[in-house]
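Encoded as structure tokens, the following chain is the form predicted on its own, with no partner shown.
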């Protein structure tokens, strides 16, 4: 227990030297706290339609109301839950697929590596966003459609990075020592190799959450999200089709856009710092 605490303390001393990473962590903590405890921070019911439509920001409604009299601030806080859940779920699936394929390709090599990497090359050259639009349009709008579409095309870049790390790790002396004791490939991969690259996986996972949130926002803005489960992207979609841009209702447009930008920047700052720190540790 003490050794783990010392590791965390050493990691934090290095991490806090990166001001952008600390700023990203603070922003993310604030946003996630507000989203998780939405009933506490939300001033109104996000489904209540008892206010005057298109009311500008004021003392009663800090961010105004939309076209049906719903409080924008309350709606935005609850919408953050959907955006965050989609981002974490899609990123988790991508990290699982990419890490598994990269692990087997890099460690086993030979025909396994050849087949898996050719499949990776095919997927990685496909235009990601247009392909996701086609898949989402064909499967029908919905949260799980977006998660599925992102998971299908989002893993190749992570696979390549994991594979390149494993190619260097598998030549280490402790791998040869494990083989000498009679350990099989599966045991070595999951017991010895995977723990040595888990930092890189975590760092990439954080970055994938950012990409997934941006993808969800983009697809939802195009009308491919679930209108019954409002996310920040869905809010922007309704703002567009209900005339917020024509009416100059900036309070309906900018807040969800700012939230998307803030949470994306925070994940980007954190992920970049983690990637540098874990990459430096792995290099040593």
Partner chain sequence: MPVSRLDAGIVQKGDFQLTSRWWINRGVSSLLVLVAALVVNFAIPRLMPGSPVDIFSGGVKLTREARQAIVERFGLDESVWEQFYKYVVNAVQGDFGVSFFYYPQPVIEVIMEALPWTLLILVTAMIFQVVIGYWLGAMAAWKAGSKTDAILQAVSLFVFSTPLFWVAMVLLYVFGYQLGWFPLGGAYTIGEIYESAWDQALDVIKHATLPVISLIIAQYATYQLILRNSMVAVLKEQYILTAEAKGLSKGRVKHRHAARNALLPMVTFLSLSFAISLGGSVFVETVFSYPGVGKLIFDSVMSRDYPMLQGCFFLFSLVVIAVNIFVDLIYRFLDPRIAY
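Residue numbers count along the first chain shown, from 1. What you are looking at is a predicted structure, and each value in this text was computed from that prediction instead of being measured.
Unshown form predicted in complex with the partner chain; subsequent notes refer to it.
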Does every residue of 32, 95 and 165 put a non-hydrogen atom within 4.5 angstroms of the partner chain in the predicted bound form? no
Can you pick the stretch from 33-41, 229-237, 48-56, 66-74 whose heavy atoms fall within 4.5 Å of the partner chain in the predicted bound form? 229-237
So, in the predicted bound form, is residue 258 in contact with the partner chain at a 4.5 angstroms heavy atom limit? yes
Would residue 110 sit within 4.5 Å of the partner chain in the predicted bound form, counting heavy atoms only? no
Does the 4.5 Å heavy atom contact test between residue 210 and the partner chain in the predicted bound form come out positive? yes
Report whether the minimum heavy atom distance between residue 26 and the partner chain in the predicted bound form is within 4.5 Å. no
Are there residues in 16-53 with a heavy atom within 4.5 Å of the partner chain in the predicted bound form, and which are they, in order? none
